[in-house]
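We begin with a single chain expressed as structure tokens, specifically the form predicted alone.
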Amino acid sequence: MKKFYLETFGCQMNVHDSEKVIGTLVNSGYEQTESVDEAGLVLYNTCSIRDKAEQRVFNRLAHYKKQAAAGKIFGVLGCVAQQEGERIFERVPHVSLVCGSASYTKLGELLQQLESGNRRVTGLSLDTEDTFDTPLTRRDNPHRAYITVIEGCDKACSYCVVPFTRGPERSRTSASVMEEARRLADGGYTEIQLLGQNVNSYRDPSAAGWDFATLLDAVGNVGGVRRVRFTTSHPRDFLKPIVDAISANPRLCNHVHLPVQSGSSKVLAAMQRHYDRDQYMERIEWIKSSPRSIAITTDIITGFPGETDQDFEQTLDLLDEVQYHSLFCFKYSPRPNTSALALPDQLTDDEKGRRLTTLIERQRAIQLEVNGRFVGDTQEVMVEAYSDSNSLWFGRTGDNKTLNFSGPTRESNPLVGTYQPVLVTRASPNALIGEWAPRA
């Protein structure tokens, strides 16, 4: 049987895209292998948000150049494929397939072209209404499942390549999303995560006309579903009905990831984020005013062109004010096709790194304090794995905190996929530690 190897870089959207790619390949007669050496077809599903992630892919391709001479076929999928297009063939001549995410529905046809001996095959069109709604998805986690509800982005932030690599926003019908959610629940999946580059920008294209809050609540009411998460939200389209839905429906996880990127209104304007600090804080107040305790996480970029010391101090002040439960933070990385490339006052890499370090240290102290508030509480954990190295179980709480806990041996009481009460006994900046507290 034909074997393929697939490595995924980047976000949860890419992880779910890879599930779809795997399903399509298996349906086409391929078998997945975890070894590049065993595979006849080697694929990299790529991320181009930052230069570092992009370079990792090209380093992988360079490493396996000799294997291409032996007949192995290499392909680049995803955002780097869409961004670089046919230039990849010039840069890495042993690559035979370049395919962006908007063309995954045509992947079967592209594979046939490769099998017939075509040396260079591309799928790069963004002229599509597809959101890759496919029954061929191969899901490796039997308990948690992703559903893509919206593809693409219309926001045109000045630093971001997503509009160029994913195309315009296009939403699935609410009926197709609900059908997939019910099918997953019937298959035993208890946690569903709704995905989109701007998931809360969802607009039902059918006559039903649902907004994201309506869709979110409806998925939370599907029988058999215990938890519903969503990512990633854009603050401009994050409206109060979303918070109201989380407040009213306990199946909707009490966690909101709301990327701010900067605490300075001046920098936000240069980023073309379509909101200022006050408008962002209005949304934070909606969340904090909920009768449920909702964890808030975010993304921040340091060293954006023109960011002054004062602008950066405003970002640090924002951390103190919001008290984020965690954050993803990155140095500004110039990306192709983005308007930020032309902005003056580009900061040095050293300065961007210094600010990143300062940000991480400030947030680490906040997370230690925030997580310390959970010591003594009993949290419900969806158990994901058992670690032989430390004999601890691992899982996540409803507000997306990592919780490692002691409990029964794996052989005596397998807990993976179940929801268990855990008493939190200690806290670190990045995780909670606890003890299994089974109900009497």
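Remember, it's a predicted structure, so these values are computed and weren't measured experimentally. Just count from 1 along the sequence shown to find any residue number.
What follows is about the form predicted together with a small molecule, which we do not show.
Enquirer: Partner absent here, but in the model of the complex, which of 222-230, 316-324, 295-303, 112-120 has residues with a heavy atom within 4.5 Å of the small molecule?
Expert: One stretch meets the cut-off, namely 295-303.
Enquirer: Give a yes or no for His234: in the model of the complex, does one of its heavy atoms lie within 4.5 Å of a heavy atom belonging to the small molecule?
Expert: It does: once the small molecule is placed as it appears in the model of the complex, His234 has a heavy atom within 4.5 Å of it.
Enquirer: Quick check on Lys266: any heavy atom within 4.5 Å of the small molecule in the model of the complex?
Expert: No, no contact at 4.5 Å.
Enquirer: Counting only non-hydrogen atoms and a 4.5 angstroms cut-off, does Ile49 reach the small molecule in the model of the complex?
Expert: Flag for Ile49 set to yes.
Enquirer: Though only this chain appears here, would Arg335 touch the small molecule in the model of the complex if you measure heavy atom gaps against 4.5 Å?
Expert: Yes - in the model of the complex, heavy atoms of Arg335 and the small molecule come within 4.5 Å of each other.
Enquirer: Heavy atom within 4.5 Å of the small molecule in the model of the complex: which of Thr148, Gln197, Ser103, Gln363?
Expert: It is Gln197 that has a heavy atom within 4.5 Å of the partner.
Enquirer: Taking the small molecule in the model of the complex as the reference, which of Trp210, Phe312, Tyr159, Phe238 has a non-hydrogen atom within 4.5 Å?
Expert: Contact check passes for Tyr159.
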